[in-house]
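A lone chain, given as structure tokens: the form predicted alone.
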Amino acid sequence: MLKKSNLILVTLGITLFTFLPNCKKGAATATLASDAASRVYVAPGEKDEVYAFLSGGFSGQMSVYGIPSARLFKIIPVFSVFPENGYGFDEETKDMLKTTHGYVPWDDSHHVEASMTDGKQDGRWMFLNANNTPRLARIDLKSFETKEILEIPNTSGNHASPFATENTEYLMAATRFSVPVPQASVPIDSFSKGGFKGTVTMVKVDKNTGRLSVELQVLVPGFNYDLSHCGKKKSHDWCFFSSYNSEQAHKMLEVGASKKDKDFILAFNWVRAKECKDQGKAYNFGGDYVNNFKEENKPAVSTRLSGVKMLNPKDCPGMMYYMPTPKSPHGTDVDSTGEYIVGGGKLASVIPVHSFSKMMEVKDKKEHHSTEIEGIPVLKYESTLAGEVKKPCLGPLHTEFDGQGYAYTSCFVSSEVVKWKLGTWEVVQHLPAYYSVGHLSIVGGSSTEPYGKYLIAMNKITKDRYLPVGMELPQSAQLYDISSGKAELLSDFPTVGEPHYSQMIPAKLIMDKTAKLFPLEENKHPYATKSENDARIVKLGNTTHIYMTAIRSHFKPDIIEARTGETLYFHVTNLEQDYDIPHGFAIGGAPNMTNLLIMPGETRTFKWVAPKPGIYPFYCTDFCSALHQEMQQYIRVSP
């Protein structure tokens, strides 16, 4: 007899065989553009039109590409150590990876969000979530560096984040892995009895500095909250979260969490939540967390915090509603008008589209409620439904919008993106993706003014797309031009890590604002040395501070004496004030440390405990001049 899990796979295979020909009936299929090579070619010295910021998934980082060339420009270290430049190792950045669990050198980064003003991308910051150890990060788009990481308390599996409100007033974060709140050792089967909970967290973003803080948490039923997007224009006050496992299964979720025909999209009025908090309806609740902040050209500071304001839905009527959505929804996406809320049910045969106007009309009318869950009314499916895209594909996940009245939905099982018309719900084109597309991105596609033109499909399986490189393959992506009435494939390119989501921004919003160096006179690092004449060695017992300078092509001081067991801090300031002249620093055989890359005008610190007696070279690791090889010196270690 077939096991239940195998039966599901057989059923899915039969469904694919019988359903797929019908889902493509009457709609065109995108093909490779005849002039694709010329449309992705960026001549030497010319610039790309668009920045693409991709999450790194299991790499924990963020990568930056140019579009249409698909050239990789940079990997921005965020939640994982980065030996290439020393992030997470040196005294300036190691505290960025502190958590209440201790120093965590890795995470699983899923979703990228751009800062916005009036719902439009403004080019100030990018935000990134950490799924494993719940955190949010803020990346400054002047320096393309991580400036702040905030841990989220009272949650686990910070997946439905860091999605922003229209003016970046708040970032939203919600629980994927429900747990006891507060944490406790309880039988795991108490999950199915309501013993596990989730939270929705409102993270306040300072409009001037970007600094992050926990404003409020809302205790919600213990489902798996998956993805989120906040409203626009008419739906400005709301955010929407997909959720699955409303069965509250705690084992074999592929079976137990797939029994119901519908799960939910949670509609959350964050303005109402703030109002209830201000009225004193939120209560003090525990929860330890840390905020790590790196001021420009200074060491990061990690601050431990405790306690939040917690709100219960039953104490704030009108704040939350559940909208039934088929089936095991992954994506929740809001179109540029703020009217349509699109669900992406992984196991659904339709793409359901909810109407914000209908929701507002019926949300407080009892005849449109089917039940209530822990103080949250459940609205009837038909009461909020704008329409359904019938038989679009298999495995719909996530939707983006082009601002021209069309939506594009990724379909994992049938390896494609489907283009469909808002309002008529008609599928007009199928865009192949190689293979098993997860997320997709359109330039400005989640904003009120999509730039459109380009679409990237980010795929989970690569197979035969590139030259074989053993068992571990890069993820693949396809670039489409969607600027005309018919989308055309332009290129296929490998990506770094496992991108789950992306934000694409017109280059003109960022490129002229990027920093080129740290002005030496503005360097406020406590160990900065702004002139070679000030280079010196200061011994304090068994600790030595070397105030060192680097300039083409030597270090000062250039002869270092130490004793075995002595702790040395090399505070290296790059005196260069020329764009693109970094210096590196490394010591031969140094354990637990990597190379440091030091930008012009920057100070970074290499900590080294002197080992057994001998002579140890240190040198510049970044080729900086014709005499780069001569940029080397020695440390003598005596007994």
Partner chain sequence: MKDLLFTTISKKNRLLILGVGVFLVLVYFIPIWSISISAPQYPEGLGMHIWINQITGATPYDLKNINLLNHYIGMQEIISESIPELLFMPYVLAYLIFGALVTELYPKVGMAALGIINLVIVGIVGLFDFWRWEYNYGHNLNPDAPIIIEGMAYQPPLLGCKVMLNITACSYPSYGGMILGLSLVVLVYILWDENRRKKSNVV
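Everything numeric in this text was worked out from a predicted model, so none of it was measured. Numbering follows the first chain given and starts at 1.
Heads up, the form predicted in complex with the partner chain isn't pictured, but that's what we're talking about next.
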{"item": "Answer range among 356-364, 548-556, 340-348, 437-445 for contact with the partner chain, defined in the model of the complex as heavy atoms within 4.5 Å", "value": "548-556"}
{"item": "In the model of the complex, I615 touching the partner chain (heavy atom, 4.5 Å)", "value": "no"}
{"item": "Heavy atom of L216 within 4.5 Å of the partner chain in the model of the complex", "value": "no"}
{"item": "Contact of P519 with the partner chain in the model of the complex (heavy atom, 4.5 Å)", "value": "yes"}
{"item": "The partner chain contact at E49 in the model of the complex, heavy atom, 4.5 Å", "value": "no"}
{"item": "A36, M599, I587, L575 - the one with a heavy atom within 4.5 Å of the partner chain in the model of the complex", "value": "L575"}
